[in-house]
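Both blocks below hold the same protein chain, though in two forms, and each is given as structure tokens: structure 1 and structure 2.
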Structure 1
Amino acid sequence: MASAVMNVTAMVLDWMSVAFDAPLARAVVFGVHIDGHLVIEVLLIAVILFQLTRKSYKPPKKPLTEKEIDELCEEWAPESLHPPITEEMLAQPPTLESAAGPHSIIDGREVVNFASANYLGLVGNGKIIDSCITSVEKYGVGSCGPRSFYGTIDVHLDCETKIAKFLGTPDSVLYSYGISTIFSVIPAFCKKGDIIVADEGVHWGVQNGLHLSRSTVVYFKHNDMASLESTLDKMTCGNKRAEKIRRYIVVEAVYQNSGQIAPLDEIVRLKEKYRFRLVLDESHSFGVLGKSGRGLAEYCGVPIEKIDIITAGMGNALATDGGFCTGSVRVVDHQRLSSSGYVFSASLPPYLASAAITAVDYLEENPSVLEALRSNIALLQKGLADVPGLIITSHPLSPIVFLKLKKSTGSAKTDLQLLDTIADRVLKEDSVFVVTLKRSTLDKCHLPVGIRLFVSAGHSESDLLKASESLKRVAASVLAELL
């Protein structure tokens, strides 16, 4: 059939050529002989151009009837705005009815509190409360404006100077909310096309900052320096483009999701070898690590100027709120113009800045509080060393003591349910308040879940022993089948 059609088409074309060739046999235009084939080709081109330039045909729209509209509305099913609600999501955490100190009130009874990151025991400190009262009487409660729009108060500048002087950096900048510090700082410096190499165990605030930056993000194995070096080498070796763009390493000093401490000396060596900049979040190490509480740089003996950008929340060791970023004058000044959390948020309430200043003063005047904290960490780690079915995975000096299952069930959901049962029972039976590591649906961290205990310098020896004995007894009961 196809061959027949082609034969007929060829015959028609030959006939048309002959028909056009006869009258144009002697036609010559500008030295070009005009034959039938040329005429046909010109006509075809004209038809093609006509078809390409004509407006497309659109059939007239027929309006829907009322009945058709009603039927469509009945059939339409809107997509859910949120994931399915589970029983775990509906569960309400215990509510504190007092200050979040070493001892708190829950449901009318006193409990030993290991759920609050009150590392230096400064919640309820008399000097801090007095400084807040004085500040409220002088400035009121809020600032009612961003820092760049009449929201800067002298106490903000005093706090920034205090932090920079304490850490030995040229300058610092305050943020009004702790977790917004890191996810405002990262996008302020890291842009689309930049390369970021980050630890896979970073908390959600860091993850959000990485997402907002729109940079190319590559994760390395949690706190694994061999993995970090391999990743840096792959990103830079033979890649001429990588040499011309900004490159960053993003890590935490004390990882919120594991209690591990980053080996800063090795990270600095690698960042200098591969010419990367370093962003370090010290939310759980500032006021904790180092001889005088100046953080990871002091603990590892690394000059602080080797760290390009340092951030920290002030809601942990300093027992206040807000956060700060510290570094060179250029690093700080850049944020005052381009960091969303600084430019667009109302500034830190003045009384919280006063509280931060007083807390740093307290740390400088009472270095023994750090010895008390380290002693409590060691005592608790010793007491929890042989909890049935659980194992400590945090660093010996970390204020976050992290317990995970020795033998996982193979399901993160089932593991979390077991750990939740342990946490609920130690609270109900022994009045010991601990928390499990829960992650939102947005959290991309895949480290094992566990029980976190935040150690405070304000805990007594009896508090630590009570927590150890309670966890041993309850874990042996709950995890009997896994032992």
Structure 2
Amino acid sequence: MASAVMNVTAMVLDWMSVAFDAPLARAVVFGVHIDGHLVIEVLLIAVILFQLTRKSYKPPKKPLTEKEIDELCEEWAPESLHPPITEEMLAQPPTLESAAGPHSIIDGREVVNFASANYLGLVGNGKIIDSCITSVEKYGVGSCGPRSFYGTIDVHLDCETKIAKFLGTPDSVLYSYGISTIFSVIPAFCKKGDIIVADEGVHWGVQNGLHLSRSTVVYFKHNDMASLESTLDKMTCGNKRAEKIRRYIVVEAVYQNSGQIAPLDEIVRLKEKYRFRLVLDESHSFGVLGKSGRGLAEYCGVPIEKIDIITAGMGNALATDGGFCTGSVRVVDHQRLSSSGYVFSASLPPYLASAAITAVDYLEENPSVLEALRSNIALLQKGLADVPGLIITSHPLSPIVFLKLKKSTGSAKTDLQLLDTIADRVLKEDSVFVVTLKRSTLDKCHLPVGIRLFVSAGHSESDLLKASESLKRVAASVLAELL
């Protein structure tokens, strides 16, 4: 069997070599001697070229037909616009029936109001109301246009000059709403590629501004200077391109979420060491801190030129609405064209601008109101020092007195429920109006929730005493199981 195959193979090979040794094969073409193996090589090359010209096999792409798209659209079912409504979503806040001064009327009863940030007691001030009435009679209520299209009224320009003179800066910009100030200022200066170092306890307005700016944002531990220094170090070491990238530190003077006060002199020292610019939100410290109410810079003894950008909402100490931003001439001029909340929105109603001017006048003429505020804060702090189950976490000089649970139940939700019960009972039984810190689902801050009391210069000693007594009593009964 094997020998037969061998014989056949040998015969075929002989026949092939005879065929290749045929006279045609011995031709000389172009000086190349045509030999047997040359023909096979040419054939192989021809086969290789043929395969290369074949297209590679890809599975065919079939776009969706109209009918298939119709089916997909039919079966797609969207979620509802709102999640299912729970019990806590139905809670209604109490409705005021009078001005939000130190004493207000809720449900026909007079209550002591610790829920409005009326630090200088200017709600209900006669002079302010008179200037507003003149303004309404002259200019109407609204300003009917953005600043660039005949919405600039002379009271706006007067207000800007007044605030700038009060603080000692060259110029200022007026915004039409407190919260939109900070989230328009930050994207106007910080663009993609810039570095921002912010405190983790900043409020939602600042967080939204940071998100809209599309810069790289790094948070440091709340009011912790060592954490700030190490973060600044980490962001700048090895980065020699300081000339091109802009760098900012964003902090609040008095934090709404905890009542702490930022140590400005430390921050300025760090900022100069690492070459960062400082953005300071003074909503709750303008008109409160400092010998004459000029804010955190005066309180810490820092010259105002060292802070690059100061923003503040006027809805707190000045008892009006709106906000302002101030800094060097370059900072202010830049905002007039590139700050979206300034350019694309109607300007502040003129009567609120005149109210702001009158309020700053009042503050300049009566610095004693700050003394009254400071003594009230001290009294309240002393009175609330030994509330069972709650502990004060705010700075001794902060006008927001912040109480949190000594021992948290473990979840923010149950904490909030307990605190809400305390606040409700304090209002119903003792007519003292305090509020808890409610957090939105969009808020990224994780600091503990608590009860906030906004102290005003208009509160009397008996008001403060009443509040402390009432809180002690109700907290003792509500938190009895926890203690």
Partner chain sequence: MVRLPYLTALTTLFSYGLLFAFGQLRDFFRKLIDWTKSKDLKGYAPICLGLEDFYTRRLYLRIQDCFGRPIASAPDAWFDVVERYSNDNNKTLHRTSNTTKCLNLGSYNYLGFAAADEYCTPHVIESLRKYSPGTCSVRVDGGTTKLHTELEELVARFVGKPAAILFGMGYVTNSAIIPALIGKGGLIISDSLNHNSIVNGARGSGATVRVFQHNNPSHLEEVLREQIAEGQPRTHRPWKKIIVIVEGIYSMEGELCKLPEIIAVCKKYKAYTYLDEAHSIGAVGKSGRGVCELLGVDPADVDIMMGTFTKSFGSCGGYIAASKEIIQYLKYTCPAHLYATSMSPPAVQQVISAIKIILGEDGSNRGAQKLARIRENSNFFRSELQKMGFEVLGDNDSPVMPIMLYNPAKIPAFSRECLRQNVAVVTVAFPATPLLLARARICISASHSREDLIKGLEVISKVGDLVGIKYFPAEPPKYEQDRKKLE
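Whichever C-alpha set is largest while still superposing within 1.5 Å between the two forms counts as the rigid core. All values reported here derive from a predicted model rather than from experimental measurement. Please note that residue numbering is based on structure 1, beginning with 1 at the start of its sequence.
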remark   = Note to self: form predicted alone is structure 1
query = Relative to the superposed rigid core, does the CA atom of Gln51 travel 2 Å or more between the two structures?
reply = yes
ask   = Does superposing the core leave Glu71 with a CA shift of 2 Å or more between the two structures?
value = yes
